[in-house]
Ligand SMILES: Cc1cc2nc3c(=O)[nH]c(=O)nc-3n(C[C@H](O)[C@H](O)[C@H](O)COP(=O)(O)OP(=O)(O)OC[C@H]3O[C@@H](n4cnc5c(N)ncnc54)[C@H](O)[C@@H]3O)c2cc1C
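Just the one chain here, the form predicted alone, laid out as structure tokens.
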Amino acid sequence: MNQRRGLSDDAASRVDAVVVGGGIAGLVAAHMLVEGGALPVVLEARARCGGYLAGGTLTAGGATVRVDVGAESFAARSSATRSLVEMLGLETAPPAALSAWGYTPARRRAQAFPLPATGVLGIPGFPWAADTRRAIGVGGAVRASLDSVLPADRVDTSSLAALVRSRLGSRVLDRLVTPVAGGVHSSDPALLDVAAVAPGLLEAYQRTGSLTGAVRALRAQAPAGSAVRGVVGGMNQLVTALERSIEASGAEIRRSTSALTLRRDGDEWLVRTGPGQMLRTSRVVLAAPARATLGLLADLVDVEGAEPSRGTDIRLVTLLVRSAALDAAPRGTGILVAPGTSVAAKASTHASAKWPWLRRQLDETVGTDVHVLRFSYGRGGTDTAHATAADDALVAQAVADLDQLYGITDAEVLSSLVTAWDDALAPPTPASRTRTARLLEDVDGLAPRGLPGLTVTGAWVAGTGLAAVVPHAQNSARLLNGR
């Protein structure tokens, strides 16, 4: 760690704080720093901020329809996210009161069915409920019912799959949890750390002594209404609102600008952004992706083994289609697909059925029989052909999957949009969680060594979803606000 001063060090621009990364974590951290009286500089390597919160445009008949092409909702349990959204003047709204569906292999042909309404990542709270029994059959319900009488120590918590199989059996895992967890996390449940993907579930299990009881307890604690909420107009508006708020305060967002090096100089941090370009500050928030963050930390802490495995290469195909048959929302808000069927998509969302605000927008602009559907491709290492496929081929695949999943053969495609999310959603495995926790402890340990004013945040350390990312980024910024 070089602490010698040079000519470029003396010429460095002094700023209140530097936030490395303009994804949602970086923008939230910067917003919190502004709330604390600082004027940070946000460095975003790409031309666009927001990370996985992004919007796109579909066109038909001269009209344009703005849609989310990244995250489209947030967990209602996240009071931090809802408070932030509403503080920024955006309106939140629940999805339509429709069920999501599952699609799983069967002996003769794949089976589509409504998913149970009261579950956590597909884990049911009531094995004998009509919707659960329809999904897993009588035999599956009998096996799952044993959860209530098995000794509490008869459990395997090494992964989400192991937990579900040990308490509820393989039918619940294969027909409910695998399609739901695969749709949300683009990964096999056997790779997922329970605490990371289902916060509070293990603690509830310890209290209740059964997995179904734990699910019921968590659902009882959740706010009334839907488990998720969205933003009227699309979640991508959160990015725009944060950018406007940050820049209106006098803080700065530098897009297409990377942090190349980070080092200590006396009582301050030096962040190099280019030849002869240096920022001097007492506060740094590292909110960049894992590889970029670890590169900046390499001379400060031991980063060996901390890098997560490569995430899934996801392709999202968004279609604007005309089809009167879709008016009845035949698959509710959408459908989650288990591996082993002939459908290539891992999930599809009937966005205009799910979000009433989008339905109203379509009615006013392009017609009552026009619909927006999203198809997601990429399961995390098991299928990669989509990652190199041409956009036209992906759109054709989405149309074929539309026919099979929704039973629709008359859909007229008016517009389409293909969005690539490479290296996304690395599965939060138990091993990766352990490595990440060790890294954060090492960064926290810099302060007692005389190197304060540095925090790390972002989805790769906080967990998947805004419910995890937003409060983690806010707390990271709060740690620095007093400096």
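A residue's number is simply how far along the shown sequence it sits, counting from 1. Worth saying up front: this structure is predicted, and the values here are computed from it rather than measured.
As for the form predicted together with the named molecule, it is not shown, yet the points below apply to it.
With the named molecule left out of view, the stretch that reaches within 4.5 Å of it through heavy atoms in the predicted bound form is, among 32-40, 422-430, 55-63, 445-453, 422-430. Using a 4.5 angstroms limit between non-hydrogen atoms, residue 45 touches the named molecule in the predicted bound form. Looking at residue 374, you'd find a heavy atom of it within 4.5 angstroms of the named molecule in the predicted bound form.
A residue is said to contact a partner when one of its heavy atoms sits within 4.5 Å of a partner heavy atom; residue 337 fails this definition for the named molecule in the predicted bound form, lying far away. Contact annotation: residue 72 falls within 4.5 Å of the named molecule in the predicted bound form, judged by heavy atom distances. With the partner omitted here, the residue from 145, 99, 258, 166 that has a non-hydrogen atom within 4.5 angstroms of the named molecule in the predicted bound form is 258.
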